[in-house]
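Presented below, as structure tokens, is a lone chain in the form predicted on its own.
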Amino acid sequence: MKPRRKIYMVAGYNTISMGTGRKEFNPKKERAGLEEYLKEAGQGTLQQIGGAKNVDEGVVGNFMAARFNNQGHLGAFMAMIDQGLRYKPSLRVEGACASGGLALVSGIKSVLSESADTVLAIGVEVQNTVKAIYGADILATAGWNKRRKDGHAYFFPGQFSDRAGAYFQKYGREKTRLAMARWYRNAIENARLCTTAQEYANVTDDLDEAGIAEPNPKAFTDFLNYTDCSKVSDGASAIAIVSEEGLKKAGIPLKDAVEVVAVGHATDDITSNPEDPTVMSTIREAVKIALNDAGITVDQLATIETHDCFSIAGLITLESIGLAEPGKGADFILEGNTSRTGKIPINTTGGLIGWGHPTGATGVHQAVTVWEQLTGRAGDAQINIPADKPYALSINMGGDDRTVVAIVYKKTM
């Protein structure tokens, strides 16, 4: 989808991604709930755009509050965030781990339709409310329920362990494992530069050694260890999606916004298995749509925020979108191309493995990170944005490559 009018994103805000790894996290003590995360993120963005009076619509991306928090009807929490949002249209959208990306798509379409000049988009998930094994059962609903009884106890780690095993068999294990460990190292190094990241305080001395630790099938999965996986996270992210008129109403100069130049939204059959587990075919198609509509190639991107729910997902994605040839993703990573100083810095605040994965918030968090990078607001995590590469890409995936939102952004000035 190529927008028929100028659309921008501004005023991003992230709460802390809370969970194991954060010093403040204690599973035995009462912690912030869904309402607190929604309010913090929403107010964080409202304060940057001149308040609720400038918002026409709201949208919440969330996967499974109905089970993690026993709460539905999240669109009606907007007025709780700010009384100035009372009686304004708002809704909740869901697409598993791509719920945040779908919130962005919903807001973009509202601005495109001219029903709104400013949409407040929030992604949220609070999922440290149950033990990990029960949480895995809830998260498994992002896949086909009829396959659940035949799957691994930790369903999605099992699914991506199977992808890793297929990749090892096709392209070799040793170098691939080294690349997966490097992916983890890059994620933690980037997270250490972002104060809201779940792994911000990670003090592991030898990240490569931690990442290369052998999987333990008796305790977890056949081909993944714990460093290959994103953690269970609580958090929220918010951003404003605006037209040119919305920018004017908020009094925000163009240099403080990023332009949305294309969107790729693709889905596939949730009841089917991947035709080739070494390929992310839905990611491939969504990114192809976004890049084609933007009129650019992957080599023109300054940075990518990608959905590395597991390290193998990050590696396979590189190949599926054309950054590396099939079977060469490991080499691409080990050559340093994806590091913050490499050819194409990826997940500059840590991605899902380093920053965290509050499921429904992830797609919005990716947009906030891109906005920060392209407007020079990323603080210690800031990378260089070359003048001849003013573009960035976010890839938000739901389930095992079943729903994907890919967005191309452009630096405005």
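As the structure is a computational prediction, the values presented were derived from the model and not from experiment. The numbering used is simple: start at 1 and walk along the sequence shown.
What comes next is about the form predicted in complex with another copy of the chain, which is not displayed.
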Of these, 109-117, 315-323, 233-241, 161-169, which stretch puts a heavy atom within 4.5 angstroms of another copy of the chain in the predicted bound form? 109-117
Answer key: of Gly251, Gly295, Gly336, Gly72, within 4.5 Å of another copy of the chain in the predicted bound form (heavy atoms) is Gly72
Counting non-hydrogen atoms within 4.5 angstroms of another copy of the chain in the predicted bound form, say which of Leu193, Ala213, Leu91, Val130 makes the cut. Leu91
Should Arg284 be counted as a contact of another copy of the chain in the predicted bound form, where contact means heavy atoms within 4.5 Å? yes
Given that another copy of the chain is not shown alongside this chain, does Glu35 nevertheless sit within 4.5 Å of it in the predicted bound form, heavy atom to heavy atom? yes
Give a yes or no for Tyr226: in the predicted bound form, does one of its heavy atoms lie within 4.5 Å of a heavy atom belonging to another copy of the chain? no
Close approach of Phe332 to another copy of the chain in the predicted bound form, 4.5 Å, heavy atom: no
Heavy atom within 4.5 Å of another copy of the chain in the predicted bound form: which residues of 374-413 qualify? Gly398, Gly399, Arg402, Thr403
